[in-house]
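Below, in structure tokens: the form predicted alone, a single chain.
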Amino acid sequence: MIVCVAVVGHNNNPLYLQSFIDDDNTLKFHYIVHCSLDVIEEKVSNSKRAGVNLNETFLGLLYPTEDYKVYGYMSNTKIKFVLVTTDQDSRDADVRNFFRRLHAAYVDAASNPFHVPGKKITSAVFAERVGNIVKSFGAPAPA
């Protein structure tokens, strides 16, 4: 089950964070997403040191916690997408598909002429679209 989705800017500024469980502790998800940024930076810098061109934007499992698994994805413009799930047996193909759909929704939201790049995404249409993507992967609607 998907419990949190986040979009983080190229300067590691949070652009969007949505929790999909009734837990009042959304600060916990901010912390998990913030910790995942260090892992993303490490994966990207290790690939550069090894001389590998990071054409693959899916970063895979960033780290597991006691209760969650955290996955990452980075666009060519260094926008980071983070997925927090409770599924212990998530398939990479499903997670990749989720990130592709989330990235497409982000591109549509960022293409809005009224959106200011680098600022939080406040679009109700984007939030609804993210909710629909999450629902299609078997999670409950946001509270």
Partner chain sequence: MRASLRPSDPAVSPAIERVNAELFTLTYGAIVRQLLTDYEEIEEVNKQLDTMGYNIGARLIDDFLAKANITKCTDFRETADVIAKVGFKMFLNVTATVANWSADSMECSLILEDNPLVDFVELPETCQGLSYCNILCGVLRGALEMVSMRTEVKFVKDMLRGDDVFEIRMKLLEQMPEEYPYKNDE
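Being a predicted model, the structure only gives us computed values, none of them experimental. Residue numbers count along the first chain shown, from 1.
Not on display, but discussed next: the form predicted in complex with its partner chain.
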Heavy atom of residue 123 within 4.5 Å of its partner chain in the predicted bound form
yes
Residue 46: touches its partner chain in the predicted bound form, heavy atom cutoff 4.5 angstroms
no
Proximity of residue 27 to its partner chain in the predicted bound form, heavy atoms at 4.5 Å:
no
Can residue 86 be called a contact residue for its partner chain in the predicted bound form at 4.5 Å between heavy atoms?
no
Contact stretch among 111 to 119, 63 to 71, 87 to 95, 31 to 39 - heavy atom within 4.5 Å of its partner chain in the predicted bound form:
111 to 119
